[in-house]
Ligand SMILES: C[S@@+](CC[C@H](N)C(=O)[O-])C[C@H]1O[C@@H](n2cnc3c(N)ncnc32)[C@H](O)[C@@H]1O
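What follows is a single chain, given as structure tokens, in the form predicted alone.
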Amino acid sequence: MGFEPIFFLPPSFINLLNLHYLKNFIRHYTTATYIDVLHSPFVYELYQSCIKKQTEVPLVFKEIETLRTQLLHNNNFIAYTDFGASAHYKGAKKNIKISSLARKHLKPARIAQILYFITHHYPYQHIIELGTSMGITTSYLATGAQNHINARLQTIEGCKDVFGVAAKVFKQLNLGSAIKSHHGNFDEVLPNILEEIPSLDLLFVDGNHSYEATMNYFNQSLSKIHNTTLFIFDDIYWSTEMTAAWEEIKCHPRVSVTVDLFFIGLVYFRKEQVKQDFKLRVF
């Protein structure tokens, strides 16, 4: 595999106004491991089946991306409440165009499609997503999970109107039976879901990007993990807080393998694995 200059990446992937993000972006893409020097059969197989750009693209990708385009051009206003780390006033509402929210919050297709291949390839049954947003990434996760009998995805969204937008996306994709949506605060809803499920196969944390919240979700979810559980954290270099949380999670004694894709971080608890941290490139 030859070196691919980082400036060939789409501009939407690079937050040029966030110096912490940009600095780590450059560091990641100049130090990430090439797949041909990987010495972990598990991570090599993960890369080949899920992370590497696949030659065959499922037809459903086109359907989901059509809905993404519609959201990016939807100039209707909704009442938006930001409960995340970037909110200056937690719970304060403002009217904002759906298109503006979509440009700011929707996960890039390349990353969302990696999540699809993960849930499609591995037989995860109990999946939790923190941060539904407008439902595009959720749709990728749920569509992949439909490859397995009895797979169940539960997703939580704090903003009522955004929750409503996602519900329409799920209806258009006929995913109503594959997704159980919850409207509410993560801190209140997550404990109830964890109590109801026998074990947790996959946790995707994509909301409230603060150190305290991220570590809280990580620690309370540990009670339901097993040997093949996967935790995925979004925006691990979005801020110094998120990077600090990521570094602490990597050092946790129950964590065996982490895979840093820059945009997301994968965390495994496989007892048979030697403790290793990998950095891989998605381009």
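The numbering used is simple: start at 1 and walk along the sequence shown. This is a predicted model, so every value here is computed, not measured.
Omitted here: the form predicted in complex with the ligand. The next part is about that form.
> Given a 4.5 Å cut-off on heavy atoms, tell me which of 116 to 124, 75 to 83, 145 to 153, 193 to 201 is the interface stretch with the ligand in the predicted bound form.
In the other structure, the partner sits against 75 to 83.
> For Val169, is any heavy atom within 4.5 Å of the ligand in the predicted bound form, or not?
No.
> Gly184 near the ligand in the predicted bound form, any heavy atom under 4.5 Å?
Yes, Gly184 lies within 4.5 Å of the ligand in the predicted bound form.
> Might Trp246 be said to contact the ligand in the predicted bound form, defining contact as any heavy atom within 4.5 Å?
No, no contact at 4.5 Å.
> I'd like to know if Ile128 sits close to the ligand in the predicted bound form, meaning any non-hydrogen atom pair within 4.5 angstroms.
Ile128: no, not in contact with the ligand in the predicted bound form.
> Pull the contact list for 127 to 141: residues with a heavy atom within 4.5 Å of the ligand in the predicted bound form, in sequence order.
Contacting residues: Glu129, Gly131, Thr132, Ser133, Ile136, Thr137.
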